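Just the one chain here, laid out as C-alpha cells, in the form predicted alone.
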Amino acid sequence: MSLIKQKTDQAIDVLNELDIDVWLTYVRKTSEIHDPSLYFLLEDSWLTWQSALIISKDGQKIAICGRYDVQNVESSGIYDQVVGYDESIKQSLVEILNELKPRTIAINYSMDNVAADGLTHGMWLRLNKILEETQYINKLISSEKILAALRGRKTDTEIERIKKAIAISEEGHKKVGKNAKLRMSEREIEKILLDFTKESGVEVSYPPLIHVGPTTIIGHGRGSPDIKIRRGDLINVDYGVFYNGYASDIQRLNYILREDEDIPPKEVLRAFETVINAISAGAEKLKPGIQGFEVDYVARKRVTDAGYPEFMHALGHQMGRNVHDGGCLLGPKWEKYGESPLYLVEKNQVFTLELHVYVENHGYCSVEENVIVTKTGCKFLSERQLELSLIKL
C-alpha cells in the first residue's frame, strides 16, 4: 500500500475522532505554492488550476481539478471520484458539498501551525466568494488538528524512513570528528558535510549549522569562513538529511583538547553534564497524554537550577516530512508558540530533544537527539551522545 493511501486512510480515522465532517484542501499552481498538506494527499503530481481535495469522515475521497490534471490524479489511485472542470470550480465544489451535507469543513489554514497553513490569502478570498451564498460559508474551521494528528502519528513506513535518515546523519557527524584540523573554518566543516551528503545520494534537511569556539554566533546562519578551530574550542554541529522524503535533525558536540590536556576543563564537563541531564529529564517526562510545555519545563529547570540562563527556544519539535513538522511542541507557553505547547503528546510522534548552554572561553555546549513516543514513554532513535567527543590535534 502506498504511503499516500496509508495517510489518507488515516485521515478518515482522524476526522471521525475529531468529529469533523469534511477536510477540504484548496490549492492552485502547486508547483509554485506547495501546500504542506499535499505531502499526504498526492503523489508527485502538480495541480494547476484551482483544485479541491476532499476527504469525508464517512470515507469518501474526492478530487476536483482542472480538466488537464484529471488523468494524473486518477492514475494515483487515491481518489474514488475525480471531477474535472473547465470554466469554474464553483459549480462542482458546491454540488459535492451539497451531496456530503457537512456540518463542519476543515480547510488549510492555521494561526499556530505552519504545516497546516498553506491556504493563501487570495485563495481564502476566492473560497469565501464561492461559498458566500451557500450554507457552508459559516462552517469553515481550521484543519490544524487534522494535520497535527496526521503528521504526528507516524506509520511504520514513515518511522523506517526517519530511522534511515538518522543513520545517515550520524555517519556525517563521524566524518567531522575524523577530519577536523586546527585552523579549519566553520565553512570548511560545512563542506565536509555537504560533500558527504552528495556522496550518500541524499539532500540536507536544512543547511548544516556549525558553531566553533567562543566567538561563534549561535543560530541558523551559515558557518563563518573566518572562525577557525583552535585548541580548547567546543565544536557544535547541527546536521540532518532527507531520506525518501523524511528528515533527521541531530546535533553532536566535540572538544578540541589543548596540548597539556587529557580531559576537558571542569567548566566544560559541567556544562556537558547539565545538557545531558536536562535531555534525560525531558525524555523521562515525555509520554502519551502529557502536554508539550510540561516536558519542556523539566528540562529547562535542570538548566536554570544548575545556574545557567534558560535557552531561548523550545526543547523539542516534531520531525517527519520536514525538520519542523508542526503540531505538538515541547516548548514553553510563550506567545510566539501559540497553542502548540498545549497539545497532547501522542504515541508514534517523533521529537527532537535539544538545548544549549554557553561556556566562557570555549563556546556553546549543545546536543540534539531524536526520539519516538511509545505507549509508556519514549525511545531514542539516534545513538545517544552521553560522552563528550574528544579530539586531539
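Just so we're clear, the structure is a prediction, and the values are computed from it rather than from any experiment. The numbering used is simple: start at 1 and walk along the sequence shown.
Unshown form predicted together with another copy of the chain; subsequent notes refer to it.
- Proximity of G201, S366 and F380 to another copy of the chain in the predicted bound form is absent: no residue of the three has a non-hydrogen atom within 4.5 angstroms.
- Proximity to another copy of the chain in the predicted bound form, defined as a heavy atom within 4.5 Å, singles out one entry of K61, H362, K57, H324, which is H324.
- Only one of R183, K266, H121, K178 lies close to another copy of the chain in the predicted bound form, with a heavy atom inside 4.5 Å, and it is H121.
- The partner is not drawn, yet in the predicted bound form one stretch among 228-236, 122-130, 162-170, 190-198 has residues with heavy atoms inside 4.5 Å of another copy of the chain: 122-130.
- Proximity of E158 to another copy of the chain in the predicted bound form: non-hydrogen atoms within 4.5 Å are absent; the residue sits far from the partner.
- The closest heavy atom approach of G77 to another copy of the chain in the predicted bound form falls outside 4.5 Å.
- Taking the partner from the other structure, another copy of the chain in the predicted bound form has no heavy atom within 4.5 Å of any heavy atom of Q251.
- Within 4.5 Å of some heavy atom of another copy of the chain in the predicted bound form lies at least one heavy atom of I33.
- For the stretch 265-296, the set of residues having any non-hydrogen atom within 4.5 angstroms of another copy of the chain in the predicted bound form is empty.
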